[in-house]
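Listed next as structure tokens is one chain, alone, in the form predicted alone.
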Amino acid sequence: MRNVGFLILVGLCVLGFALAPYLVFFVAPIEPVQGLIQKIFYFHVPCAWSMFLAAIVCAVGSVAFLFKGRRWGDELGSAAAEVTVLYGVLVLITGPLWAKKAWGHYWVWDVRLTTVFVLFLAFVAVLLARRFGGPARRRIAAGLALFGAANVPLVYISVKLWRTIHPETTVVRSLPTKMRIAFFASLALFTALTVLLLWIRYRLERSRNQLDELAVAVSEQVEAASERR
């Protein structure tokens, strides 16, 4: 059953990679003010959505590990933190490229941009904690993940709470039909791709832990056999 679900996800991603670029570049019209550079929108916003999704999944895993001691929670948190940082890098590359054309600057300390940057740094800290945090690294990383994920709703509502030059969340509803279709096709592709990446990375983390446990068990057996001799 797991293999079937995995193959369905792969199929959806393949279909999405065939369909979404066609809709974005050949069906959606060129925006008259910004021109061709506006098409970054179809990549930038789904990347941001995927970053938020991965951050929330990381928080779910972190809660399961911190409060229930579930090992799968730690493994899921580790996988999702990496995916969050991956999409964070893409957001912070595509956003300034679009901003240069729209605002005349690659970066401004706009509220939404700043909160996204803080979220990204929080999950970079999660990865650093997992690697260099010592014996308590998993719990430290889980705590940092909860802090980072708590920033997700703030990023979303920032354009409503503060004065900002960033477009509001209602911009999608105002798009022409062909642009909206291209956007949702791209969003669906990135959602499927994010789930697939989380699945693969989670299974890798679980296999790695099982291999480590097997290596420890073999080492203990070898040591015990040596002592008996």
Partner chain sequence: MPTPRSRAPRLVVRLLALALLLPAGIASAAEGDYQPYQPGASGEAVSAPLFVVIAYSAIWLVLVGFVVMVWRRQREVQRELERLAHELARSGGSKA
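Since the structure is predicted, the reported quantities are computational estimates derived from the model, not experimental observations. Residue numbers count along the first chain shown, from 1.
The form predicted together with the partner chain exists for this protein as well; it is not shown, and the discussion that follows is about that form.
- The putative spot formed by Ile140, Thr177 and Ile181 is not touched by the partner chain in the predicted complex; no residue has a non-hydrogen atom within 4.5 angstroms of it.
- In the predicted complex, at least one heavy atom of Phe190 sits within 4.5 Å of the partner chain.
- Although the partner is absent here, Arg71 is not a contact residue: none of its heavy atoms lies within 4.5 angstroms of the partner chain in the predicted complex.
- Not displayed here, the partner chain is approached by Ile93 to within 4.5 Å at the level of heavy atoms in the predicted complex.
- In the predicted complex, no heavy atom of Val159 sits within 4.5 Å of the partner chain.
- This chain is drawn without the partner chain; in the predicted complex, the residue among Val27, Leu204, Val172, Ile56 with a heavy atom within 4.5 Å of it is Leu204.
- Only one of the listed residues (Val118, Ala136, Leu128, Leu154) places a non-hydrogen atom within 4.5 angstroms of the partner chain in the predicted complex, and that residue is Leu128.
- Along 202-218, these residues reach a heavy atom to within 4.5 Å of the partner chain in the predicted complex: Arg203, Leu204, Ser207, Arg208, Gln210, Leu211, Leu214, Ala215, Ala217, Val218.
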